[in-house]
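In the block that follows, a single chain appears as structure tokens, in the form predicted alone.
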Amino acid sequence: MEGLVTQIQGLSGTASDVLSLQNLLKQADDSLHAESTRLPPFLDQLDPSKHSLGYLYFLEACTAGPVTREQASSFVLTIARFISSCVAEQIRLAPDKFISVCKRFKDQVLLLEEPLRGVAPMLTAIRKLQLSSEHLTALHPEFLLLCLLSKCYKTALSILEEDIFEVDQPRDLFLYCYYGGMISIGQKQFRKALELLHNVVTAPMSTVNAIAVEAFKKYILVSLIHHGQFPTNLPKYASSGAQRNLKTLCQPYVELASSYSNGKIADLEMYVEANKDKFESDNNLGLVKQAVSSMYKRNIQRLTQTYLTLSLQDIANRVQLNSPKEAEMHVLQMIKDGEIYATINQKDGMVRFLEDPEQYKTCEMIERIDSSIQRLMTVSKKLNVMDELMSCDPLYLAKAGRERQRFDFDDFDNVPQRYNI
């Protein structure tokens, strides 16, 4: 081991030396794991900011076995320091080992019941492992899970706002979108949550997985909260397995959406109470209650399409609220959130519904529209490049060739020809 440490110290200077070192470390990997209990003292002889690759191999071997709570406290500090100071170019030569170390780091902070300690180091690890911000790594789901457990939602938003075009493993995408959807729900960003959960339930899958089932349950509830309705069918581009099985596996939630669509709050509350244990066991009861509460808003919004003015008492009666005061609180909150445009006359308790005051001609609005157009153009160009790459991919062409019908009738003339017999 002493000799290997010496080689690490001598071959960490230039890029060519590091490549030579990589070959030596690969050959010594089995020996490192066999001597894992003897390795911690050697870490003190290496500088993670200079000998990142060698340090990574030693650290990965050290943490490969079972770790006690006492050991976890020490390893968390060691790994956090390594992540902070390591050289990105060196650790990218052994990405699987870096990912393993970071995942063990996550397990150890959870063992210590201190998920917040892992948030900043895991974000740093993602940035060092990524080749670009469009790359979804295996560490993205681990980072989002730590943010979720520590309720550190705002930190996660910087990652969730990035457009992803490269994915290493399908499971990483499923977990990334699922955890991201839950974080967006925690931030009341239901539109973003709906987008992420939609990606889970419509992603290609040969068989329905547990992540997709749990995402579909939340997808139904968030659809009710944000749109006031749930589409009866998944899009055509969803996998056949998802279209066949998800509704069956989430029947209580589908029935909840059906009851919601009737617009009768009493029936909806009765159904929720009857299935309370099921929703609670799924950890979705809080979201279900938000869906029930959103029905009041939907019913108030329907009134704006019919009436120009209405008393608070009439609103309370029609929406099935307990009092005019409760109706006033709902209307005020909806005005604040920009969900309706209205004024309340405090003297006579009358509510006057207004048209959207936005004229879409201010400088700020024009800048927002232009920014959206520019982003769409960028995404469109990216999709065209990806489409061209896929159309030339040998694996795709082979699969498309196998599934192609024996006769392609598009190759034939559509105009029928007459033959005289």
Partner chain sequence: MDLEDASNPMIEANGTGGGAVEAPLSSTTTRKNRPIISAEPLDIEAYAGLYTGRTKINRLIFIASHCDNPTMQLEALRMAYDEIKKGENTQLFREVVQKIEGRLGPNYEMDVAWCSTIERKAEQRKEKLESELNSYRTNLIKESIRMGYNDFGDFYYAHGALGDSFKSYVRTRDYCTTSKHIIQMCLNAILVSIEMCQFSNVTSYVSKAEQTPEALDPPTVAKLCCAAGLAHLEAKKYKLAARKFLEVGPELGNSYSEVIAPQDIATYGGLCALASFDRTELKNKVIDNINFRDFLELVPEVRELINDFYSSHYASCLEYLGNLKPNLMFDIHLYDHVETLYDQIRNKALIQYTLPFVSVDMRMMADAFKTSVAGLEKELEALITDNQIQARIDSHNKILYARHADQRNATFQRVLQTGNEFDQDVRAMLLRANLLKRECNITASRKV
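No experiment lies behind these values; they were computed from the predicted model shown. Numbering follows the first chain given and starts at 1.
Same protein, other form: the form predicted in complex with its partner chain, not shown, and the subject of what follows.
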Interface segment, criterion being heavy atoms within 4.5 Å of its partner chain in the predicted bound form, picked from 278-286, 201-209, 79-87, 261-269: 201-209
321, 72, 173, 257 - the one with a heavy atom within 4.5 Å of its partner chain in the predicted bound form: 173
Single option in 309, 293, 343, 229 placed near its partner chain in the predicted bound form, where near means a heavy atom within 4.5 Å: 309
Proximity of residue 38 to its partner chain in the predicted bound form, heavy atoms at 4.5 Å: no
Contact test in the predicted bound form: residue 368 vs its partner chain, heavy atoms, 4.5 Å: yes
Its partner chain contact at residue 273 in the predicted bound form, heavy atom, 4.5 Å: no
is_contact(residue 249, its partner chain) in the predicted bound form, heavy atom dist at most 4.5 Å: no
Sequence-ordered residues of 139-167 touching its partner chain in the predicted bound form, heavy atom within 4.5 Å: 163, 164, 165, 166, 167
